[in-house]
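One chain is shown next in C-alpha coordinates, namely the form predicted alone.
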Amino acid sequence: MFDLTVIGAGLAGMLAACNAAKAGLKVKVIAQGLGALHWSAGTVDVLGYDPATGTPVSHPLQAIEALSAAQPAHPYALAGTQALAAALDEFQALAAEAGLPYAGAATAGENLWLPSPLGAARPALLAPKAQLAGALAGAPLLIVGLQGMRDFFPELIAENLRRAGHQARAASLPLELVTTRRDSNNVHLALALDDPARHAALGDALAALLQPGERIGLPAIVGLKEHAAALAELRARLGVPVFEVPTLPPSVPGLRLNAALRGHLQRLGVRLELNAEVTGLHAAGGRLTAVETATSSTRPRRHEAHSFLLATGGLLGRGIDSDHAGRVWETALNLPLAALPERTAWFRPGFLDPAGHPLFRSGVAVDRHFQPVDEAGAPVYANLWAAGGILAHADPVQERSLEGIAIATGIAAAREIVATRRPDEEVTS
(Lines give C-alpha, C1' and ligand atoms only; values in the text may rest on other atoms or scores of the structure.)
Protein backbone atom coordinates (compact mmCIF):
# COMPACT_ATOMS: atom_id res chain seq x y z
CA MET A 1 0.00 0.00 0.00
CA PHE A 2 1.13 3.54 -0.72
CA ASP A 3 1.61 6.12 2.01
CA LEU A 4 0.22 8.87 -0.23
CA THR A 5 -1.80 8.94 -3.42
CA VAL A 6 -1.84 12.32 -5.17
CA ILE A 7 -4.79 12.93 -7.49
CA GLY A 8 -3.59 15.34 -10.18
CA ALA A 9 -0.30 15.80 -12.04
CA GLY A 10 -0.12 19.58 -12.27
CA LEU A 11 2.42 21.79 -10.53
CA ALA A 12 0.80 21.48 -7.07
CA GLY A 13 0.44 17.69 -7.26
CA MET A 14 3.94 17.01 -8.55
CA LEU A 15 5.63 19.31 -6.02
CA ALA A 16 3.64 17.71 -3.20
CA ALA A 17 4.66 14.27 -4.43
CA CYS A 18 8.34 15.32 -4.59
CA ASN A 19 8.23 16.76 -1.09
CA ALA A 20 6.54 13.70 0.40
CA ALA A 21 8.86 11.27 -1.40
CA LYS A 22 11.93 13.14 -0.14
CA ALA A 23 10.55 12.70 3.39
CA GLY A 24 10.53 8.94 2.86
CA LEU A 25 6.90 8.28 1.94
CA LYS A 26 5.93 5.84 -0.77
CA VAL A 27 3.98 7.99 -3.24
CA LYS A 28 1.77 7.42 -6.26
CA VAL A 29 0.42 10.12 -8.58
CA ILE A 30 -2.72 9.41 -10.60
CA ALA A 31 -4.10 11.89 -13.09
CA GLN A 32 -6.58 12.13 -15.91
CA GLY A 33 -4.25 14.34 -17.98
CA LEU A 34 -1.00 16.27 -17.92
CA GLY A 35 -2.06 19.19 -15.73
CA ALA A 36 -2.10 22.82 -16.85
CA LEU A 37 1.62 23.43 -17.38
CA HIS A 38 1.32 22.98 -21.15
CA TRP A 39 -1.09 25.96 -21.10
CA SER A 40 1.18 28.23 -19.06
CA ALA A 41 4.04 30.55 -19.98
CA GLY A 42 6.41 28.45 -17.87
CA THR A 43 6.95 31.32 -15.43
CA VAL A 44 6.06 31.46 -11.73
CA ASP A 45 3.36 34.08 -11.24
CA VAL A 46 2.91 34.79 -7.53
CA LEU A 47 0.83 37.98 -7.50
CA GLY A 48 0.73 40.24 -10.53
CA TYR A 49 -2.30 42.40 -9.74
CA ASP A 50 -3.96 43.50 -6.52
CA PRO A 51 -7.31 41.65 -6.46
CA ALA A 52 -9.00 44.57 -4.68
CA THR A 53 -7.88 47.37 -7.00
CA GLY A 54 -6.61 45.64 -10.14
CA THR A 55 -3.39 47.66 -9.97
CA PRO A 56 -0.02 46.07 -10.83
CA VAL A 57 2.01 44.64 -7.96
CA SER A 58 5.75 45.33 -7.84
CA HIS A 59 6.69 43.32 -4.71
CA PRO A 60 4.35 40.30 -4.39
CA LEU A 61 5.47 39.01 -1.00
CA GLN A 62 4.87 42.40 0.57
CA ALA A 63 1.47 42.73 -1.11
CA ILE A 64 0.46 39.26 0.09
CA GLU A 65 0.75 40.42 3.70
CA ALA A 66 -2.06 42.94 3.07
CA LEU A 67 -4.00 40.44 0.97
CA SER A 68 -3.89 37.87 3.76
CA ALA A 69 -5.19 40.37 6.30
CA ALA A 70 -8.08 41.36 4.01
CA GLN A 71 -8.90 37.80 2.89
CA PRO A 72 -8.08 35.33 5.69
CA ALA A 73 -9.50 32.39 3.71
CA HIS A 74 -7.24 33.04 0.70
CA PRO A 75 -4.79 30.16 0.08
CA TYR A 76 -1.85 32.52 0.64
CA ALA A 77 -3.27 33.51 4.03
CA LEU A 78 -3.55 29.83 5.00
CA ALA A 79 -0.02 29.05 3.88
CA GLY A 80 1.63 32.19 5.31
CA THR A 81 4.12 34.50 3.64
CA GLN A 82 7.18 32.86 5.21
CA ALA A 83 6.05 29.44 4.04
CA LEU A 84 5.44 30.84 0.55
CA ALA A 85 8.95 32.31 0.40
CA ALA A 86 10.46 29.01 1.59
CA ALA A 87 8.39 27.07 -0.95
CA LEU A 88 9.61 29.31 -3.78
CA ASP A 89 13.21 28.69 -2.69
CA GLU A 90 12.51 24.96 -2.65
CA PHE A 91 11.01 25.15 -6.14
CA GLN A 92 14.07 26.99 -7.46
CA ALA A 93 16.41 24.42 -5.95
CA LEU A 94 14.40 21.55 -7.40
CA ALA A 95 14.20 23.17 -10.86
CA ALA A 96 17.95 23.82 -10.88
CA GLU A 97 18.61 20.22 -9.83
CA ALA A 98 16.42 19.09 -12.71
CA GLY A 99 18.47 21.19 -15.18
CA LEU A 100 15.95 24.00 -15.66
CA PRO A 101 17.11 26.94 -13.50
CA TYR A 102 14.70 29.74 -12.57
CA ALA A 103 15.57 33.22 -11.34
CA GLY A 104 13.95 36.58 -10.68
CA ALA A 105 14.70 40.28 -10.88
CA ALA A 106 17.97 41.71 -9.60
CA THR A 107 16.00 43.24 -6.73
CA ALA A 108 14.91 40.29 -4.57
CA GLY A 109 11.18 39.81 -4.37
CA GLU A 110 10.37 42.17 -7.24
CA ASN A 111 8.19 41.15 -10.18
CA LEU A 112 9.75 40.88 -13.61
CA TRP A 113 7.81 42.41 -16.50
CA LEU A 114 8.18 40.24 -19.57
CA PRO A 115 6.65 40.45 -23.06
CA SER A 116 3.50 38.40 -23.62
CA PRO A 117 2.64 36.69 -26.94
CA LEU A 118 0.81 39.93 -27.86
CA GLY A 119 3.55 42.30 -26.74
CA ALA A 120 1.93 43.34 -23.46
CA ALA A 121 3.87 43.46 -20.19
CA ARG A 122 3.15 40.42 -18.02
CA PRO A 123 4.26 40.07 -14.40
CA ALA A 124 6.18 37.09 -13.04
CA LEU A 125 8.26 36.66 -9.91
CA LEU A 126 10.41 33.86 -11.34
CA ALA A 127 11.16 32.89 -14.92
CA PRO A 128 13.25 30.22 -16.62
CA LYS A 129 16.71 31.32 -17.69
CA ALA A 130 15.60 31.52 -21.31
CA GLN A 131 13.11 34.31 -20.60
CA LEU A 132 15.10 36.50 -18.18
CA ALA A 133 16.84 38.62 -20.82
CA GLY A 134 13.42 39.71 -22.09
CA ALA A 135 12.74 41.95 -19.07
CA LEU A 136 11.25 45.05 -20.67
CA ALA A 137 13.45 47.64 -18.99
CA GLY A 138 16.66 47.39 -21.00
CA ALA A 139 18.25 47.40 -24.44
CA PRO A 140 16.23 47.59 -27.69
CA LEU A 141 14.44 44.40 -28.68
CA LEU A 142 14.49 42.60 -32.00
CA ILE A 143 11.52 40.22 -32.12
CA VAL A 144 12.10 37.51 -34.72
CA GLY A 145 9.51 35.03 -35.97
CA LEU A 146 9.36 32.31 -38.61
CA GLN A 147 7.35 32.83 -41.77
CA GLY A 148 4.25 30.67 -41.61
CA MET A 149 4.60 29.84 -37.92
CA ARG A 150 1.22 29.61 -36.20
CA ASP A 151 0.12 32.09 -33.56
CA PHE A 152 3.34 34.11 -33.29
CA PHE A 153 3.30 37.52 -34.94
CA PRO A 154 6.52 39.51 -34.42
CA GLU A 155 5.16 42.68 -36.05
CA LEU A 156 2.21 42.75 -33.65
CA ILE A 157 4.45 42.11 -30.63
CA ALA A 158 6.93 44.83 -31.64
CA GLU A 159 4.17 47.35 -32.40
CA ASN A 160 2.52 46.85 -29.02
CA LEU A 161 5.87 47.10 -27.27
CA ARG A 162 6.57 50.40 -29.06
CA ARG A 163 3.17 51.73 -28.05
CA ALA A 164 4.08 50.96 -24.44
CA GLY A 165 7.27 53.00 -24.78
CA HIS A 166 9.83 50.27 -25.50
CA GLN A 167 12.30 50.23 -28.38
CA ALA A 168 11.39 47.24 -30.52
CA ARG A 169 11.36 46.13 -34.12
CA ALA A 170 10.34 42.94 -35.90
CA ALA A 171 11.80 40.58 -38.46
CA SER A 172 10.97 37.16 -39.91
CA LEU A 173 13.08 34.28 -41.15
CA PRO A 174 12.17 31.38 -43.45
CA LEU A 175 10.52 28.43 -41.73
CA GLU A 176 12.87 26.12 -43.65
CA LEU A 177 15.71 27.15 -41.35
CA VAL A 178 14.05 25.05 -38.66
CA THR A 179 11.91 22.45 -40.44
CA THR A 180 10.75 21.28 -43.85
CA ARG A 181 7.36 20.34 -42.37
CA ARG A 182 4.55 22.67 -43.39
CA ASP A 183 2.16 21.59 -40.65
CA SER A 184 4.18 22.12 -37.49
CA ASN A 185 3.09 23.25 -34.06
CA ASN A 186 5.37 24.76 -31.40
CA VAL A 187 6.38 21.36 -30.04
CA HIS A 188 7.42 20.11 -33.50
CA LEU A 189 9.54 23.24 -34.00
CA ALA A 190 11.19 22.90 -30.59
CA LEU A 191 12.06 19.27 -31.28
CA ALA A 192 13.56 20.31 -34.63
CA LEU A 193 15.77 22.87 -32.86
CA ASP A 194 17.20 20.11 -30.65
CA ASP A 195 19.35 19.42 -33.75
CA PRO A 196 22.68 21.33 -33.41
CA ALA A 197 22.87 21.89 -37.17
CA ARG A 198 19.49 23.61 -37.18
CA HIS A 199 20.13 25.97 -34.29
CA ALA A 200 23.55 26.77 -35.79
CA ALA A 201 21.85 27.74 -39.07
CA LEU A 202 19.32 29.80 -37.13
CA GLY A 203 22.13 31.59 -35.32
CA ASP A 204 23.84 32.54 -38.61
CA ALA A 205 20.58 33.92 -40.00
CA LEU A 206 19.90 35.92 -36.83
CA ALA A 207 23.40 37.43 -36.97
CA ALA A 208 22.58 38.92 -40.38
CA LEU A 209 19.51 40.69 -38.93
CA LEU A 210 21.10 42.03 -35.75
CA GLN A 211 21.81 45.72 -35.25
CA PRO A 212 24.26 47.08 -32.64
CA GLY A 213 22.93 47.20 -29.10
CA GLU A 214 19.93 44.91 -29.67
CA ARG A 215 18.86 41.77 -27.87
CA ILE A 216 16.92 39.09 -29.71
CA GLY A 217 13.51 37.72 -28.77
CA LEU A 218 12.47 34.42 -30.34
CA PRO A 219 9.31 32.36 -29.99
CA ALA A 220 9.68 29.85 -27.16
CA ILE A 221 10.81 26.97 -29.36
CA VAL A 222 14.58 26.94 -28.73
CA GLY A 223 14.84 23.21 -28.17
CA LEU A 224 12.77 20.85 -26.06
CA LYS A 225 14.91 17.96 -24.82
CA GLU A 226 18.21 19.78 -25.63
CA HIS A 227 17.00 23.26 -24.70
CA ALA A 228 19.96 24.32 -22.55
CA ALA A 229 22.50 23.40 -25.24
CA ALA A 230 20.50 25.09 -28.00
CA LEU A 231 20.12 28.33 -26.04
CA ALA A 232 23.79 28.39 -25.03
CA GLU A 233 24.87 27.83 -28.64
CA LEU A 234 22.72 30.68 -29.94
CA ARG A 235 23.97 33.09 -27.29
CA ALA A 236 27.60 32.14 -27.89
CA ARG A 237 27.25 32.42 -31.66
CA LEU A 238 25.56 35.83 -31.53
CA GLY A 239 27.32 37.39 -28.55
CA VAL A 240 24.15 39.20 -27.43
CA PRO A 241 21.30 38.34 -25.04
CA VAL A 242 18.81 35.94 -26.59
CA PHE A 243 15.46 35.29 -24.91
CA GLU A 244 12.22 33.45 -25.56
CA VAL A 245 8.75 34.98 -25.79
CA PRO A 246 6.03 32.52 -24.70
CA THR A 247 3.60 31.46 -27.40
CA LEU A 248 0.00 30.40 -27.34
CA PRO A 249 -0.51 26.76 -26.26
CA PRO A 250 0.94 24.22 -26.46
CA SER A 251 3.58 25.92 -24.30
CA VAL A 252 7.08 24.60 -24.81
CA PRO A 253 8.40 26.23 -21.58
CA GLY A 254 5.53 24.59 -19.71
CA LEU A 255 6.29 21.23 -21.27
CA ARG A 256 9.96 21.57 -20.33
CA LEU A 257 9.00 22.17 -16.70
CA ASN A 258 6.54 19.29 -16.79
CA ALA A 259 9.22 16.96 -18.15
CA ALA A 260 11.75 18.15 -15.55
CA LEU A 261 9.37 17.53 -12.66
CA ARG A 262 8.27 14.16 -13.98
CA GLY A 263 11.89 13.11 -14.33
CA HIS A 264 12.51 14.20 -10.75
CA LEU A 265 9.53 12.15 -9.57
CA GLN A 266 10.85 9.09 -11.33
CA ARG A 267 14.29 9.50 -9.73
CA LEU A 268 12.59 9.69 -6.33
CA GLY A 269 10.74 6.44 -7.03
CA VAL A 270 7.27 8.00 -7.32
CA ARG A 271 4.83 6.00 -9.43
CA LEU A 272 3.02 8.12 -12.03
CA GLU A 273 -0.14 6.82 -13.70
CA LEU A 274 -1.74 9.04 -16.35
CA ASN A 275 -5.06 8.63 -18.14
CA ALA A 276 -6.49 7.62 -14.78
CA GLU A 277 -9.79 9.40 -14.18
CA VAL A 278 -11.19 9.01 -10.67
CA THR A 279 -14.68 7.55 -10.92
CA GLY A 280 -15.39 6.40 -7.37
CA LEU A 281 -14.19 6.19 -3.81
CA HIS A 282 -14.34 3.99 -0.73
CA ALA A 283 -14.51 5.36 2.81
CA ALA A 284 -14.91 3.99 6.31
CA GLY A 285 -14.77 5.53 9.76
CA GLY A 286 -14.39 9.06 8.41
CA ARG A 287 -11.36 8.14 6.27
CA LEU A 288 -10.82 7.47 2.59
CA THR A 289 -9.61 3.95 2.09
CA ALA A 290 -9.33 3.93 -1.72
CA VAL A 291 -10.25 5.71 -4.93
CA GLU A 292 -11.20 4.02 -8.18
CA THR A 293 -10.16 4.95 -11.70
CA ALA A 294 -11.77 3.94 -14.98
CA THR A 295 -10.13 1.19 -17.03
CA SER A 296 -10.76 -0.33 -20.43
CA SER A 297 -12.52 -3.24 -18.75
CA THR A 298 -15.76 -3.17 -16.82
CA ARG A 299 -13.94 -3.36 -13.49
CA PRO A 300 -12.37 -0.11 -12.19
CA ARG A 301 -8.87 -0.03 -10.75
CA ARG A 302 -8.62 0.45 -6.99
CA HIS A 303 -5.92 2.69 -5.44
CA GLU A 304 -5.46 2.24 -1.70
CA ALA A 305 -3.35 4.57 0.46
CA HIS A 306 -2.94 5.85 3.98
CA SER A 307 -3.36 9.47 2.81
CA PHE A 308 -4.74 11.26 -0.24
CA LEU A 309 -4.09 14.69 -1.75
CA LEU A 310 -6.51 16.29 -4.21
CA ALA A 311 -4.74 18.56 -6.72
CA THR A 312 -6.94 18.40 -9.82
CA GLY A 313 -7.11 22.15 -10.51
CA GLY A 314 -10.17 24.36 -10.62
CA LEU A 315 -12.47 25.17 -13.50
CA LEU A 316 -9.58 25.46 -15.94
CA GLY A 317 -8.19 22.08 -14.93
CA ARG A 318 -11.55 20.28 -14.87
CA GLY A 319 -11.30 19.77 -11.14
CA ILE A 320 -14.62 21.61 -11.05
CA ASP A 321 -17.35 21.22 -13.65
CA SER A 322 -20.79 22.68 -14.31
CA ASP A 323 -23.81 22.15 -16.53
CA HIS A 324 -26.44 24.25 -18.30
CA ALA A 325 -28.83 23.90 -15.36
CA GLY A 326 -26.48 25.74 -13.01
CA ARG A 327 -25.13 22.74 -11.12
CA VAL A 328 -21.46 22.97 -10.11
CA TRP A 329 -19.51 20.10 -8.61
CA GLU A 330 -16.03 18.87 -7.69
CA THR A 331 -15.35 16.13 -10.20
CA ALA A 332 -13.14 13.57 -8.40
CA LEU A 333 -14.52 13.09 -4.87
CA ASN A 334 -17.73 15.17 -4.96
CA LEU A 335 -16.49 17.42 -2.16
CA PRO A 336 -18.59 20.40 -1.03
CA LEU A 337 -17.76 23.69 -2.76
CA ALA A 338 -17.41 27.11 -1.18
CA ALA A 339 -17.63 30.70 -2.48
CA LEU A 340 -20.12 29.56 -5.12
CA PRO A 341 -22.16 32.49 -6.47
CA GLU A 342 -25.73 32.35 -7.74
CA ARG A 343 -26.05 31.21 -11.34
CA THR A 344 -26.82 34.74 -12.59
CA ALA A 345 -23.64 36.05 -10.96
CA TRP A 346 -21.14 33.51 -12.29
CA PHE A 347 -19.65 35.91 -14.85
CA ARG A 348 -19.33 39.65 -15.32
CA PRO A 349 -20.46 41.15 -18.66
CA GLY A 350 -16.93 41.87 -19.87
CA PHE A 351 -14.89 38.81 -20.81
CA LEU A 352 -11.65 40.54 -19.74
CA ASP A 353 -13.14 42.39 -16.79
CA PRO A 354 -10.22 43.49 -14.53
CA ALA A 355 -12.19 42.33 -11.49
CA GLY A 356 -12.31 38.75 -12.78
CA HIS A 357 -15.33 36.46 -12.76
CA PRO A 358 -16.92 35.41 -9.43
CA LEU A 359 -17.19 31.75 -10.41
CA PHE A 360 -13.40 31.44 -10.53
CA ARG A 361 -13.23 32.09 -6.77
CA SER A 362 -15.26 28.97 -6.06
CA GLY A 363 -13.60 25.74 -5.03
CA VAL A 364 -12.93 23.44 -2.11
CA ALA A 365 -12.64 25.13 1.29
CA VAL A 366 -9.81 23.89 3.50
CA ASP A 367 -8.65 24.53 7.05
CA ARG A 368 -5.17 25.73 8.03
CA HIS A 369 -3.88 22.18 7.60
CA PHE A 370 -5.19 22.15 4.00
CA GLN A 371 -7.80 19.53 4.74
CA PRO A 372 -11.13 19.94 2.88
CA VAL A 373 -13.91 20.94 5.25
CA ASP A 374 -17.70 20.89 5.19
CA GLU A 375 -20.03 23.83 5.86
CA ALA A 376 -19.51 23.40 9.61
CA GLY A 377 -15.72 23.61 9.21
CA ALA A 378 -15.03 19.96 10.03
CA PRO A 379 -12.70 17.85 7.84
CA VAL A 380 -14.64 15.81 5.29
CA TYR A 381 -12.15 12.94 5.60
CA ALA A 382 -9.44 12.66 8.25
CA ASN A 383 -6.79 11.58 5.71
CA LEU A 384 -7.58 13.91 2.79
CA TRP A 385 -5.77 17.14 1.85
CA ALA A 386 -6.13 19.54 -1.09
CA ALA A 387 -3.83 22.01 -2.87
CA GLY A 388 -3.53 24.20 -5.94
CA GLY A 389 -6.23 25.53 -8.22
CA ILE A 390 -8.98 23.44 -6.60
CA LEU A 391 -8.90 25.69 -3.52
CA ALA A 392 -11.62 28.28 -2.94
CA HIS A 393 -11.36 32.02 -2.21
CA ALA A 394 -8.83 32.95 -4.89
CA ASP A 395 -8.98 33.86 -8.58
CA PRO A 396 -5.54 32.90 -9.94
CA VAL A 397 -6.38 34.22 -13.41
CA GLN A 398 -7.29 37.70 -12.19
CA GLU A 399 -4.52 37.81 -9.57
CA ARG A 400 -1.84 36.21 -11.77
CA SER A 401 -1.15 33.86 -8.87
CA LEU A 402 -1.65 30.41 -10.39
CA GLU A 403 1.86 29.00 -9.98
CA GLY A 404 2.50 30.73 -6.66
CA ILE A 405 -0.61 29.19 -5.11
CA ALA A 406 0.27 25.78 -6.56
CA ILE A 407 3.81 25.88 -5.17
CA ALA A 408 2.89 27.26 -1.75
CA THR A 409 -0.07 25.00 -1.08
CA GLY A 410 1.33 21.87 -2.72
CA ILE A 411 4.43 21.94 -0.52
CA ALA A 412 2.48 23.03 2.58
CA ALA A 413 -0.04 20.20 2.18
CA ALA A 414 2.75 17.66 1.67
CA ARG A 415 4.41 18.77 4.89
CA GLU A 416 1.13 18.45 6.75
CA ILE A 417 0.75 14.92 5.42
CA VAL A 418 4.28 13.98 6.42
CA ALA A 419 3.67 15.43 9.89
CA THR A 420 0.69 13.11 10.44
CA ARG A 421 2.96 10.08 10.33
CA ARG A 422 3.48 8.97 13.93
CA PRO A 423 7.12 8.75 15.09
CA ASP A 424 6.62 5.07 15.87
CA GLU A 425 4.91 4.38 12.54
CA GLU A 426 7.06 2.68 9.94
CA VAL A 427 7.21 4.62 6.66
CA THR A 428 6.98 2.40 3.61
CA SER A 429 10.23 2.25 1.74
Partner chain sequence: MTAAQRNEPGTEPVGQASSPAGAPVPAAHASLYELLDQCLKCNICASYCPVAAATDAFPGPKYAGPQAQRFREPGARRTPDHSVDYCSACRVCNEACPSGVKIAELNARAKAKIVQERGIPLRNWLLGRNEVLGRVGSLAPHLANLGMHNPVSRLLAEKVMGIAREAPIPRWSTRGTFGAWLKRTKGRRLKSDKKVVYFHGCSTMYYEPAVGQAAVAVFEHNGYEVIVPPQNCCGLPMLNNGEFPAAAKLYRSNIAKLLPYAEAGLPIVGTSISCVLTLREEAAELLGIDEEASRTVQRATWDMCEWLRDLHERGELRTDLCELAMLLPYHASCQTRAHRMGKPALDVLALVPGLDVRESDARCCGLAGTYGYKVEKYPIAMKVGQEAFEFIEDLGDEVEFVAADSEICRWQLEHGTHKAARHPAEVLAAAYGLYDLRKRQLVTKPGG
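Positions refer to the first chain, counted from 1. In this text the structure is predicted, and so the values were computed from the model without any measurement.
Note that the form predicted together with the partner chain isn't included here; everything after this is about it.
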{"property": "Interface residue in the predicted complex among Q92, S172, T81, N258, criterion: non-hydrogen atom within 4.5 angstroms of the partner chain", "result": "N258"}
{"property": "Partner-contacting position among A205, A232, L274, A73 - heavy atom within 4.5 Å of the partner chain in the predicted complex", "result": "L274"}
{"property": "Stretch in contact in the predicted complex with the partner chain, which is absent here, among 237 to 245, 102 to 110, 258 to 266, 194 to 202 (heavy atoms within 4.5 Å)", "result": "258 to 266"}
{"property": "Site test, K129, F360 and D395 vs the partner chain in the predicted complex, non-hydrogen atom cutoff 4.5 Å", "result": "no"}
{"property": "Partner proximity in the predicted complex: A283 to the partner chain, non-hydrogen atom cutoff 4.5 Å", "result": "yes"}
{"property": "Partner contact for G35 in the predicted complex: the partner chain, 4.5 angstroms, heavy atom", "result": "yes"}
{"property": "is_contact(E226, the partner chain) in the predicted complex, heavy atom dist at most 4.5 Å", "result": "no"}
{"property": "Contact flag, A85 vs the partner chain in the predicted complex, heavy atom cut 4.5 Å", "result": "no"}
{"property": "Contacts with the partner chain in the predicted complex - residues in 112 to 132 whose heavy atoms fall within 4.5 Å", "result": "none"}
